[in-house]
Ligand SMILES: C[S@@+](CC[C@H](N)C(=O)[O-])C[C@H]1O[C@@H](n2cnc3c(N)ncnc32)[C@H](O)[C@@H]1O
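Only one chain is given next, in structure tokens, and it is the form predicted alone.
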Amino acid sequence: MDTPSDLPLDDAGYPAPGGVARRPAGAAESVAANRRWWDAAAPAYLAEHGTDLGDADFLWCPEGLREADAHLLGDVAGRRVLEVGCGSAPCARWLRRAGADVVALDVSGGMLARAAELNSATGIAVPLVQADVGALPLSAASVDLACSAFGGLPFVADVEGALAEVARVLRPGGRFVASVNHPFRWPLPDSPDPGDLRVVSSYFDRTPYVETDEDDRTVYVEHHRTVGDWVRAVVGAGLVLEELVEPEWTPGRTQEWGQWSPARGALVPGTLILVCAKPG
């Protein structure tokens, strides 16, 4: 696994951007930048959100939807499962505890180092693999289920290729479920305040959001797709889109997460969950 990067950090412990732009960014640039960013951001991110994520829990999204309640993956006991973008791997450990045979994958060595620590702390050992979803190191038709809980797809430049890779490793009849930033978020300010609900850019502008450091190195890239883009990507990968889930805010949940908040979550969607199947 890669060692954590040496990017300069802001007061909260996250990589401090030297510049922000909207410009094209390809697959190689996106992978390298986001690996560097997550390696550096892992300690601060997990300090901020680790309690909410848990050590062995499956949280689909900031709205608070959990797999224990949603059952989007169905019965996982005895199934071979791939988690894409596992981070510190709480979802993978929850799946293992539920009886699944799990492999957890992430592009960030910094995140996987924390996942390894939590494997030891919890006594729930799941295999950890550092790899890019665009080139999965698994055999064809080798998993029954695949999942990604806010696990990297918004950072992937070639999402069509990534979904084709997921389809390749799924067995016929297998299922893939992924939660992503709701495309409706893209044209809105990154603020949890419902008073900031105003359109500041075009929903149809797919130009990536790019951050650079003081040396002008690309350190963060996020890609936008419309709802239609996601549907086309799923269908183009040979998968069947069974359901689109837009979770509502969980009653009583007070946790704010970036631009997600109870007040804003009561008004507009923040997450889109793609529930897909491979024909078989």
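Not measured: the values here are computed from a predicted model. The numbering used is simple: start at 1 and walk along the sequence shown.
Heads up, the form predicted in complex with the named molecule isn't pictured, but that's what we're talking about next.
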- Message: Although the partner isn't part of this model, could you tell me whether residue 126 comes within 4.5 Å of the named molecule in the model of the complex, counting any heavy atom of the residue?
- Response: no
- Message: I'd like to know if residue 85 sits close to the named molecule in the model of the complex, meaning any non-hydrogen atom pair within 4.5 angstroms.
- Response: yes
- Check whether residue 38 has any heavy atom within 4.5 Å of a heavy atom of the named molecule in the model of the complex, and answer yes or no. yes
- Check whether residue 165 has any heavy atom within 4.5 Å of a heavy atom of the named molecule in the model of the complex, and answer yes or no. no
- 67, 176 and 178 all contacting the named molecule in the model of the complex, non-hydrogen atom within 4.5 Å: no
- Note on the structure: Checked 111, 95, 170, 104 for heavy atoms within 4.5 Å of the named molecule in the model of the complex; positive is 111
- Any idea which of 113-121, 144-152, 198-206, 72-80 reaches within 4.5 Å of the named molecule in the model of the complex, heavy atoms considered? 144-152
- Message: Just to make sure I understand: among 36-59, which residues lie within 4.5 Å of the named molecule in the model of the complex, judging by heavy atoms?
- Response: 38, 45, 53
